[in-house]
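The chain below stands alone and is given in structure tokens; this is the form predicted on its own.
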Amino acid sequence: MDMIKAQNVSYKYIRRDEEDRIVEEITALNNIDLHIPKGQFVAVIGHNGSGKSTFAKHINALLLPFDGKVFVDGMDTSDETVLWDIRKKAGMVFQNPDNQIIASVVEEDVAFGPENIGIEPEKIRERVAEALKIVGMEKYAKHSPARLSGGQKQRVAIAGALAILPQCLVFDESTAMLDPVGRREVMNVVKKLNKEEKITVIFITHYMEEAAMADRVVVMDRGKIVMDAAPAEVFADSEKLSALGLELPQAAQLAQELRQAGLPLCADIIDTETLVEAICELEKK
């Protein structure tokens, strides 16, 4: 069964004047069809305004389609009677961790979600401890979030989402405000959640290196899905990506330049580790 199913989904942003008359309509999603199986790690990329963040907000009913349907583990996001079930099933981690952290102590912040859905205090303590352990922040349980780095804050935000035991996590540009160290910390947690905890991951990003880590890459443009394949296949089409205003991951770009210089490297190199291995193999010959 799919964790996420979008059927013919369309959405518009509408701007009205002071007299409530429509003065502008912007189509953000245009007849989207997308199926994401349970346990998959899907990266969604596209230039600014392509619709990727709008789609992310449909997954846990922060936005509802103008047309079409979105289902989360079989539940219709437009059905108000299952709204909280959907939001427990699909957690979200946003761009700015400071906007998600509300308590003055790390463990209290992580406990906020379970408290709101009425979990018993003893179970809350267990969930908080486990969530902090998963993201590697258990040593900071008694710390103030204000004293943490950006990457650490984002890991606390992820722990807060994990504490409600979601089966799916949506990361909406969650590394955009972090430095390279913070981004690496978060990506290590994301991969662990997917591979070890079997959580379905939808990862919205504009960093191609992050997208290359996914099982599948969905490329959006002007509210439509224009590419949907394994990372190696998507990044092999550099001309199409360039036309969409997107770049290759650095390793893929370097591999392409080395091929143009005459080195016999395969076309599916998209990460640094694979590139280094390929070059080492050439040196052995």
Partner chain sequence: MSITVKNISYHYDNPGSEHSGRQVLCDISVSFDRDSFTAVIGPTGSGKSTFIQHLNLLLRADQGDILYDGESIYAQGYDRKKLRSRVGLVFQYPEYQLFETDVLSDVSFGPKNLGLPEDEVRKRASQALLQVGFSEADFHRSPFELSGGQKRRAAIAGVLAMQPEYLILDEPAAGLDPAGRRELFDMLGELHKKGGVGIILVSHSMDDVAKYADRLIVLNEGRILYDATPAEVFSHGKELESIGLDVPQAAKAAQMLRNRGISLPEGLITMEQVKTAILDHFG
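A quick note: this is a predicted structure, and the numbers were derived from the prediction, not measured. Residue numbers count along the first chain shown, from 1.
Just so it is clear, the following notes concern the form predicted together with the partner chain, a form of the same protein that is not shown.
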Within 4.5 Å of the partner chain in the predicted complex, all of 48, 250 and 277 (non-hydrogen atom): yes
Partner contact for residue 126 in the predicted complex: the partner chain, 4.5 angstroms, heavy atom: no
4.5 angstroms heavy atom contact with the partner chain in the predicted complex for residue 208: yes
Residue 188 within 4.5 Å of the partner chain in the predicted complex, heavy atoms: no
Heavy atom of residue 267 within 4.5 Å of the partner chain in the predicted complex: no
Contact residue in the predicted complex, chosen from 184, 88, 133, 195 - any heavy atom within 4.5 Å of the partner chain: 184
Location of the partner chain contact in the predicted complex, chosen stretch of 220-228, 251-259, 29-37, 61-69 [non-hydrogen atom, 4.5 Å]: 251-259
Contact set, 166-195 vs the partner chain in the predicted complex - heavy atom within 4.5 angstroms: 173, 177, 178, 179, 180, 181, 184
